[in-house]
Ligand SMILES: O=C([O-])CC(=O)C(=O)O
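Coming up is one lone chain in structure tokens, specifically the form predicted alone.
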């Protein structure tokens, strides 16, 4: 018996991909870079439809809408405003039928929230690795079997790590230290909750490895840290892995790195199907 094969359609005859209508949440250090790039057409297949922010905006390149109104006109929401937005709105975004790209991955170490998001839909959720690399390799390694150890050491300027829950002794130590200080040690399930604006990298590593409780996180304050540094060390019966990155902090918001909005844009380009891009 001879099989009959249908010729592949000529590429020029294929229908064009629909343009994704983007709602951007947050007009801060990350959102401004992402929104400006979208407005200037740097991401083919993506159109900045509106911006969502709890402050009146006067310089935004797209209409400012409420979250409710945005969900009626957008099919992809890009979050660049913090973990609280993910907790409050992620499920509603997915249930509306829109997809969601999350920058504040720290919210996703909450097992109750992630359980609800897995059950939500028809929208899909994506996350970006932000200021760290090597996540694709860690995801691939999981196919060989579980890792036995994963450690993330994050080093930042002391002022970017201060939190309201810290006692007077630790607060004073951060203010006056002249050498590196270990601020906290815990798992990737615990640390992002304590540092909601500074340790999304920990959650991204946990999502890549598949087990927040396995990832040990060490947060270090260093007054000499002109660069924000993340070191990932992982090991298992199939190999050992080490990744180190050092970024310049964003001038407007030193708690985040300058590269983060560009990581969001790279992920957004992959989601909307830019030619040659692999997720």
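A quick note: this is a predicted structure, and the numbers were derived from the prediction, not measured. Numbering follows the first chain given and starts at 1.
Note that the form predicted in complex with this ligand isn't included here; everything after this is about it.
Asks: Heavy atoms within 4.5 Å of this ligand in the predicted complex: which stretch among 195-203, 162-170, 92-100, 175-183?
Replies: Of the options, only 195-203 has residues within 4.5 Å of the partner.
Asks: Candidate spot 228, 256 and 260, all three in 4.5 Å heavy atom range of this ligand in the predicted complex?
Replies: The answer is yes; 228, 256 and 260 each reach this ligand.
Asks: Within 4.5 Å of this ligand in the predicted complex, heavy atoms considered, which of 138, 76, 117, 131?
Replies: Checked against the cut-off, the match is 131.
Asks: Could you run down 156-174 and flag each residue that has a heavy atom within 4.5 Å of this ligand in the predicted complex?
Replies: Contacting residue: only 156.
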